[in-house]
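Shown below, as structure tokens, is a lone chain in the form predicted on its own; questions about how it binds or moves come after it.
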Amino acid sequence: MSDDETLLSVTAAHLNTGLRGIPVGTCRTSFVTPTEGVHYCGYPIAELAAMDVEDVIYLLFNKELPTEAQSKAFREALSARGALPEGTMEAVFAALPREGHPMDWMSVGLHTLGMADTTGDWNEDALNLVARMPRLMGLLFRYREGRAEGIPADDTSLGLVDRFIATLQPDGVDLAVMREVLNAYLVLHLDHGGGNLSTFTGKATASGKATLYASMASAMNSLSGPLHGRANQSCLEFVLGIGTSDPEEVEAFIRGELAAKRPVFGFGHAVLRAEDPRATYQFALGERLCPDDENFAIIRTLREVAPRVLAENPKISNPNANVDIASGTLLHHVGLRKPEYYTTFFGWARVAGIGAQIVDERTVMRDGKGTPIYRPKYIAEEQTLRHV
């Protein structure tokens, strides 16, 4: 079906369906196809997955991959933007309850950055936030884990992933492997079309001329739900709950979950009709970096067994592995052992994609006038109309 054919009149059948499949705008940063998955500015994700995240972020904001000189200049610009307002984030994180979910901490952190330093220029604020996320993430980990003492000064000359690692100061970890896993995770999660909940929420908030930071905080609040970004947390918890890579036992576990009407995490996709190329890349990464990891052995078996079992249900159009199946296992392997933090990495990545889309909607669409404020129409139910 062509894009023109999807621009259909809204009927009663479309109501109360969460706007599923109803076109509301255009997206310049990414799209998804049934066979190749997500594309960033026309490039299939498989062609971008091994690149440095800075170059792929450049692509999202500029709609072209950088030359060597452009890449160098962009990294230098991010370094110049990277310093957090001194002492502000530390004071706020020190006061937050540690039992709060990390995504709630992230949302508070974004609001804090916005209150401390907002330029009012959409592009400037979006790139400033991209540059400041590594330090925000590192401080979030340190304060939640009770390791606020001895945090090193922020070296903004480092790349985005290395700045986070330098702030985190992980023990007993192969830093080169951690860097490769985190860089791949960020690249694979940067963007995913314009219609997912968090991106739409961020753009809708920005349409009311809220700041970039307030808009991004609203996007992260949407991402934090179990039906959206928190699925990658649930996926690793699911893998840890299996506890074996024996094919027969894994199949029995899957059938037990289905019989209990519980989800089988890490499989299926709304658009794709093949294995998610982001999953394919992560499996290849795992085979190279951690082939003997116990949890990797489990997801290797899941990759073979689950699609066969799920395909028995004719209502399931895509039983194949998606991006969530391997990402948590790889993060766990490099020492990031607490699943509740995984959605913050998802959020960190999406800050760039959502930021680029907000910049487009506010400064490019409609010949630079920007999209108007979102104001969907709701129709009164018949029962309500009786009282009018």
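Just count from 1 along the sequence shown to find any residue number. Just so you know, these numbers come straight off a predicted model, no measurement behind them.
Only in words, not in the display: the form predicted together with a small molecule, which the text now covers.
- Stretch 312 to 320 is the answer when you ask which of 175 to 183, 130 to 138, 312 to 320, 81 to 89 has residues with heavy atoms within 4.5 Å of the small molecule in the predicted complex.
- In the predicted complex, residue 231 approaches the small molecule with a heavy atom inside 4.5 Å.
- In the predicted complex, the small molecule stays beyond 4.5 Å of every heavy atom belonging to residue 163.
- Residue contact with the small molecule in the predicted complex: residue 253 places no heavy atom within 4.5 Å of it.
- Using a 4.5 angstroms limit between non-hydrogen atoms, residue 269 touches the small molecule in the predicted complex.
- Put simply, of 192, 144, 75, 203 only one has a heavy atom within 4.5 Å of the small molecule in the predicted complex, and it is 192.
- Interface residue among 265, 122, 105, 281, judged by heavy atoms within 4.5 Å of the small molecule in the predicted complex: 265.
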